[in-house]
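One chain follows as structure tokens, the form predicted on its own.
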Amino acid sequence: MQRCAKDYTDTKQFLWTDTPAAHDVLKAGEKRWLKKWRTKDINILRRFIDEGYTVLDSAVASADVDKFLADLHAALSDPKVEFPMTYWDDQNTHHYDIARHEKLGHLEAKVLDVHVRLSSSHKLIFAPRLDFLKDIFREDPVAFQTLYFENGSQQGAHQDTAFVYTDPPYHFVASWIALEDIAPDTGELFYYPGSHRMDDLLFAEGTKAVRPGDPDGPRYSATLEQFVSEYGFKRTRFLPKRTDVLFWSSDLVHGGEQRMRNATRRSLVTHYCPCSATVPYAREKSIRPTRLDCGGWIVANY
């Protein structure tokens, strides 16, 4: 893997919050933002700029969490409903399969794109307090991928830019919604504040995107852990209460702790991009974002 300094020459490749001039941009727009935001909320943006993440306490309604979980688990029990999911089995074989309850305990098991088939997810991923995405994107956000986890993923340290591709490349943000109180040793999420501003790590093809069969792929997480250690970044564990939401920048280093006890860690992850950005599967003219009644936009590969 190659280490390469981020090239800010073309700032259009980045969201304004990730550029070196981000605080100047925020200061220039602060009076406009304060018309609808409290000082506390401006500080949320400052943290997102400096640390690459921010946490919104009680950002979604508990009743909406109940509705979503009821709908999802009903769907997983219905043989007529076929949600896609991925997971690894005990033989270290990766599967793309139909989501069912009994498969949710596998390593890195995740139900994909629930935002397409469950309208109850929309009140979560586009809850009113999540509207600060419009200030980060300067336009409406589009949810282009969702991942439901019943248990901790236990995924090694990574940056989403290695696996999630948009054009421009850094134009997306992730959210992590706690669907229950998260306890220690359940495979809780970890992240390294400030790591979104590290130099880039480039794979064999000279890009930040890891492709299937890339020789650097197997040692990616270990290399990244060494990298953040050299920078002196400290690992932080996310132990939220139900309805809390974590947002992070596309390049923030994060992963899942080892699951040390038999307990769930129910969560919903969403990847968002601005309306003007594209994801690979949406480059076809036939695939366009759909506007929802709640004001958000969604797009998916089917």
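Computed from a predicted structure; not experimentally measured. We number the residues from 1 along the sequence you see.
What comes next is about the form predicted together with a small molecule, which is not displayed.
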(message) Is I177 near the small molecule? Define near as a heavy atom within 4.5 Å, in the model of the complex.
(response) no
(message) I'd like to know if F149 sits close to the small molecule in the model of the complex, meaning any non-hydrogen atom pair within 4.5 angstroms.
(response) yes
(request) Flag K208 as yes or no: does it have a non-hydrogen atom within 4.5 angstroms of any non-hydrogen atom of the small molecule in the model of the complex? (result) no
(message) Whether H271 contacts the small molecule in the model of the complex should be assessed with a 4.5 Å heavy atom distance threshold; does it?
(response) yes
(message) Partner absent here, but in the model of the complex, which of 157-165, 217-225, 125-133, 74-82 has residues with a heavy atom within 4.5 Å of the small molecule?
(response) 157-165
(request) Report yes if all three of F144, H171 and V279 come within 4.5 Å of the small molecule in the model of the complex by some heavy atom, otherwise no. (result) no
(request) Please pick, from V114, I182, A99, L189, the one residue with any non-hydrogen atom lying within 4.5 angstroms of the small molecule in the model of the complex. (result) L189
